[in-house]
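Taking the form predicted on its own, here's one chain by itself in structure tokens.
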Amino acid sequence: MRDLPSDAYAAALASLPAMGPRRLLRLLRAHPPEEAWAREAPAADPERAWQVCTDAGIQVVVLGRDGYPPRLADDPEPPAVLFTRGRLDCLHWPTAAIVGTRRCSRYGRDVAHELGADLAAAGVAVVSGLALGIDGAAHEGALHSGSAPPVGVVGSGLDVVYPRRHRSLWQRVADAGVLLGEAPPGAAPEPWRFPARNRIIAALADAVVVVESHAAGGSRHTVDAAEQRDRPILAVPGPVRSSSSAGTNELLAQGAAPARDAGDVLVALSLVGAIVRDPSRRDLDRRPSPTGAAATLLDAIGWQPATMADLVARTGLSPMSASLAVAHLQRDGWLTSRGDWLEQVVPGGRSAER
């Protein structure tokens, strides 16, 4: 066996069956990686695990050694081994985690995209989990800004893209910032890995922003981890009848700070001097202003998804007039549809799902 760096033995240990994060941490706190390997799996070959990392362009960083992120080194539950692609120096930037439900509304996607773009433009690295919905929209926004680097924390091996439709997004995050996780190459996205991933998101964040969350959503894991680490928690207010805002509205009722725009997040981060876009300013919205029946209908829909029948009942417009008004509003970028449901688009809103 050729001479291998100590990190190779740590990577191989992480790849052993049934080697969870806590067990790995105990081992590597008690023994150097080579010694721990000799105790746990002396008959196996660490060279293969190291070659897999090398071939995939994955770097290995071990707790207590040079290059390990200071943000995680002092955490109560630090990953014993990190697998990374990209630049770990991205973690020197101020950071904000933007998280939320996979089953989000158009409103939620647009707000997440806008927060990601505005925070990145203000010099804040956006941290998220690269999941569908809010996570992906936030990173799309950060990449659209082209300013502060994005930080992606994943719950599978860096060579196992999950969800598959985010393959391009994973690559763009790695190219522009850093992609990291504690799962070794080849690790499947098992359900237990995502709460574990969420503690890393919370540990890397200077503040956590929840955009949309169902009442029992997975975002709660990140919030709980952030509370344990004394991180500021903000929540985006949402329609009271929208199930995808039930969790965020509950956080607000429990005392979380509101995140109406990137400015609120910058205040929580104690950052000053950054100018961000205010979505309420009409001079930044280039869509033609609705008039007549279209304006009436837009006021009636508010920020809650509605059907055509709902809008006819609320406005008193005839079905034909309401249909024409909806067509004009969709053409001008004020409304979007999902099945039978219509939703308003926030000023400057963009779909984050390409």
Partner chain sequence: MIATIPSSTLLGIDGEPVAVEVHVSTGLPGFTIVGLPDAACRESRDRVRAAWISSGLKWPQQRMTVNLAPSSVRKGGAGVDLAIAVGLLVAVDELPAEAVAGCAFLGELGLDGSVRRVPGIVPLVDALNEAVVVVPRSCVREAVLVARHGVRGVDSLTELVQALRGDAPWPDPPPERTTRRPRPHPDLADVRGHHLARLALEVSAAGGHHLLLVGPPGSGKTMLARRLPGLLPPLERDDAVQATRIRSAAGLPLPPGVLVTEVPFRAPHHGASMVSMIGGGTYGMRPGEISLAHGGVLMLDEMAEFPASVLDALRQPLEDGAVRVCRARGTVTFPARFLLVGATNPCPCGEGGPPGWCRCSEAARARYSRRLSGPLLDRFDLRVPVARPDVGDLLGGPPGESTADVAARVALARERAHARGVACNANLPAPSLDELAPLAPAATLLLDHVLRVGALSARGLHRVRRVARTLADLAGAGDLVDEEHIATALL
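Positions refer to the first chain, counted from 1. Keep in mind the model is a prediction, meaning the values are calculated, not measured. Basically, rigid core = biggest C-alpha set you can superpose within 1.5 Å across the two forms.
Another form, the form predicted together with the partner chain, is not on view; read the next lines as being about it.
query = Which among 65-73, 292-300, 313-321, 47-55 is in contact with the partner chain in the predicted complex, heavy atoms within 4.5 angstroms?
reply = Careful reading of the contacts points to 313-321.
request  = Using the partner position in the predicted complex, report whether R331 sits within 4.5 Å of the partner chain, counting heavy atoms only.
outcome  = Close contact exists here: in the predicted complex, R331 approaches the partner chain to within 4.5 Å, heavy atoms only.
message = With a cut-off of 4.5 Å between heavy atoms, is R165 one of the residues that contacts the partner chain in the predicted complex?
response = R165: contacts the partner chain in the predicted complex.
Heavy atom of M308 within 4.5 Å of the partner chain in the predicted complex = Output for M308 is yes: heavy atoms within 4.5 Å of the partner chain.
request  = Please check if S156 has a heavy atom lying within 4.5 Å of any heavy atom of the partner chain in the predicted complex.
outcome  = Close contact is absent here: in the predicted complex, S156 is far from the partner chain, nothing within 4.5 Å, heavy atoms only.
Among the candidates R103, R229, R260, H144, the residue which, in the predicted complex, approaches the partner chain to within 4.5 Å (heavy atoms) = Of the candidates R103, R229, R260, H144, R103 is the one lying within 4.5 Å of the partner chain in the predicted complex.
key: Single option in T95, S244, S219, S128 placed near the partner chain in the predicted complex, where near means a heavy atom within 4.5 Å   = Checked against the cut-off, the match is S244.
inquiry  = Taking the partner chain in the predicted complex, would H214, A327 and R338 all count as contacting it (heavy atom within 4.5 Å)?
reply    = Looking in the predicted complex, the three residues H214, A327 and R338 all sit within 4.5 Å of the partner chain (heavy atoms).
task = Answer yes if the Cα of G339 shifts by 2 angstroms or more between this form and the one not shown on a rigid-core superposition, and no otherwise.
result = After core superposition, the C-alpha of G339 moves 2 Å or more between this form and the one not shown.
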